[in-house]
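A lone chain, given as structure tokens: the form predicted on its own.
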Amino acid sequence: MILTRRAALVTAAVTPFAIGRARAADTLKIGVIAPLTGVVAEPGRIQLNSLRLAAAKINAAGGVMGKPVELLVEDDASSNPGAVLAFSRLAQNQDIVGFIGSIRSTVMNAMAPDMLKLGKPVMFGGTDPTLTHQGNPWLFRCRPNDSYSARVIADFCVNSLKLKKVALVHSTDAFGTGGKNALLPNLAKMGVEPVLVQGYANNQPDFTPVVQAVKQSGADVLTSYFTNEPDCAIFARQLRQLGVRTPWVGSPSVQSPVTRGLAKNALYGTYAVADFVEDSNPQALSFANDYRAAHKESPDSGWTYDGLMILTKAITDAKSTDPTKIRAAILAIKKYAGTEGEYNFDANGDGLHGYNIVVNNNDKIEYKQHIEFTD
């Protein structure tokens, strides 16, 4: 069952349980904060669809400790204030045992203090490395953080492409700043100082000044950390319109179906680090096929699917809904085969420790390799 307050979604059962029985039964309630309106509503819709698939699979197998999973959804309106308000609404429901947070690092940073106060597990996708290093024991990341994406980008540019005149374009929000701060020292270790480090504010209608800066920098490779898919698409189109053909190695937004749908052939030939690639493992392919069968489109990630699967596995392993016991059970998870890769949670709450490299071959995302780190 899925409930939402602000997104005008119809309450729907996603279980084989009869509707009357599901309403009467004691359900396992999971709070969900998702961007269902605003600039990133489209990826938010895909993430919620992925959660529905996970809930349906869990409930088809009998639920969790005999209870069907119920998703209680609040719209964050694609903004930090909206996210804080959405979480506060959910936090008032004492029956909620855990949460699915956001893929946006800036949103997670905004909600993190209240999440710490509440003291219940939150599965999230934001990749700012600092989120799991601020003493908040309730945050569990279901994507690799940007300390790993930065290492992969730096290694691929210098050792695979053999290019060292690096331009870096990044959002000035938590995600983009975290990516920049992770990439620069990794380049420095390879003896590379970027020829350009250019920040930008989110939700720009025109990236011409940024593109001109890249063009005039003399860079032979472009790297980027874009937060919002529409921004990335506008930048890509203007980059090509102004004649910049520099090889581009970007964060996951470069290969997102949403970005590709907006940018079209402007992204052909680009590289990206990608946490989710359906050809990278059997779980990802199975999930992608199920998603396409249900929604007639491809998913852009599997982290919300993994997040709900892992959270409910931890509750089952703990045989309890006590937050402390669930937390311990999550941290004990090792070698869990998810759609995003093999989860091995460390003491900080990071579950994944590597990235895939992909290339956009005429709008077909081709998996090249996976790079995993053990340190």
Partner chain sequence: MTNFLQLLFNGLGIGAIYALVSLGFVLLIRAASVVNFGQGEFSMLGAYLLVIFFNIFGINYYLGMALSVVIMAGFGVIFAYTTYWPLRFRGGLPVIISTIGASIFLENMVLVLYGPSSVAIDGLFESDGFEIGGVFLATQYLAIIVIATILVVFQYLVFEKTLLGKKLQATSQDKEMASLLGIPVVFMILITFAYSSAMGGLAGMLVAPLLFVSVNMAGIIALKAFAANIIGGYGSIPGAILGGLALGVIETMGASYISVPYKDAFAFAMLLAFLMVRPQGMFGEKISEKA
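Positions refer to the first chain, counted from 1. Superpose the two forms; the largest set of C-alphas matching within 1.5 Å is the rigid core. Given the structure is predicted, the values throughout are model-derived calculations rather than measurements.
Missing here is the form predicted in complex with its partner chain; even so, the following discussion is about that form.
Looking at 300-308, 268-276, 157-165, 233-241, the stretch with residues near its partner chain in the model of the complex, meaning non-hydrogen atoms within 4.5 angstroms, turns out to be 233-241. The listed set 294, 285, 190, 201 contains one residue whose heavy atoms approach its partner chain in the model of the complex to within 4.5 Å, identified as 201. Contact with its partner chain in the model of the complex, judged by any heavy atom within 4.5 Å, is made by just one of 195, 184, 96, 262: 262. The closest heavy atom approach of residue 289 to its partner chain in the model of the complex falls outside 4.5 Å. Though the partner is left out of this view, residue 209 does reach within 4.5 Å of its partner chain in the model of the complex, counting heavy atoms only.
In the model of the complex, its partner chain stays beyond 4.5 Å of every heavy atom belonging to residue 342. Contact check for residue 39: a non-hydrogen atom falls within 4.5 Å of its partner chain in the model of the complex. In the core-superposed comparison between this form and the one not shown, the C-alpha atom of residue 239 has shifted by at least 2 angstroms. Residue 259: CA moves 2 Å or more between this form and the one not shown after rigid-core fitting. When the rigid core is held fixed, the Cα atom of residue 196 travels 2 angstroms or more between this form and the one not shown.
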